[in-house]
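This document starts with one chain, in the form predicted on its own, laid out as structure tokens.
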């Protein structure tokens, strides 16, 4: 497997732009460069909910989990956050995009809310993602994933995929441009609104901010640096949040917020 096979297949991919078999053909072409188990392409159009444009997830989770993702749990996804910042077009390891505690958090580990995780296999070995801009407010994210029990992508594989990245992002944008609505108003505050509406009569605005950063995968130290406060102050805030909500763990906090997002609380 290698770049020669990729280059041989790129004219075929160009000819498939606009056709239904483009997504599977792109998966097959890139599998000649590096092996992977699962793929998906999401569009994140401004303040609108995401669109699942290509499903190469092989049914690892139920349709209900995907529906929950599209209806709100995507707000905790590090890929979504990277698209909203936004990061430049290119290929990224998820760990390059995620906060410092993201992989220890409940979102990444939970098959109940993460649409790429199976109840049987557990968390992913690694996810890498090509990000392509469709417009100033809309990004496409094309993820390649290796399931639990496999090795992460090697640096040699990543270098080969990075070589392919300019063509991949151009193909993504060209093929899916017509599938995504035109730009609408974007104020960048969708996630902030989701957290400001979480227990507003119980938590202060600062505590809601702490909750948002915790659930997006930031450690107390990272939160302290972002908010320019002492790490001990962050830990005290977290204790007060737990006390106010009548909970004793971050998992309980996560479950409360997920219920809030999908309309169960």
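The term rigid core refers to the maximal set of C-alpha atoms that superpose within 1.5 Å between the two forms. Numbering follows the first chain given and starts at 1. Note that the coordinates shown come from a computational prediction; the quantities given were computed from them, not determined experimentally.
From this point on, the text means the form predicted in complex with the DNA, which you will not see here.
Among heavy atoms of residue 216, none comes within 4.5 Å of the DNA in the predicted complex. Contact check for residue 49: no non-hydrogen atom falls within 4.5 Å of the DNA in the predicted complex. The DNA is not drawn, but in the predicted complex it has no heavy atom within 4.5 Å of residue 31.
Contact check for residue 212: no non-hydrogen atom falls within 4.5 Å of the DNA in the predicted complex. Here the chain stands by itself, but in the predicted complex one stretch of 50-58, 223-231, 36-44, 63-71, 223-231, has heavy atoms within 4.5 Å of the DNA.
In the core-superposed comparison between this form and the one not shown, the C-alpha atom of residue 65 has shifted by less than 2 angstroms. With the core held fixed, the Cα of residue 244 is displaced between this form and the one not shown by 2 Å or more. After superposing the rigid core, the Cα of residue 50 is displaced by less than 2 Å between this form and the one not shown.
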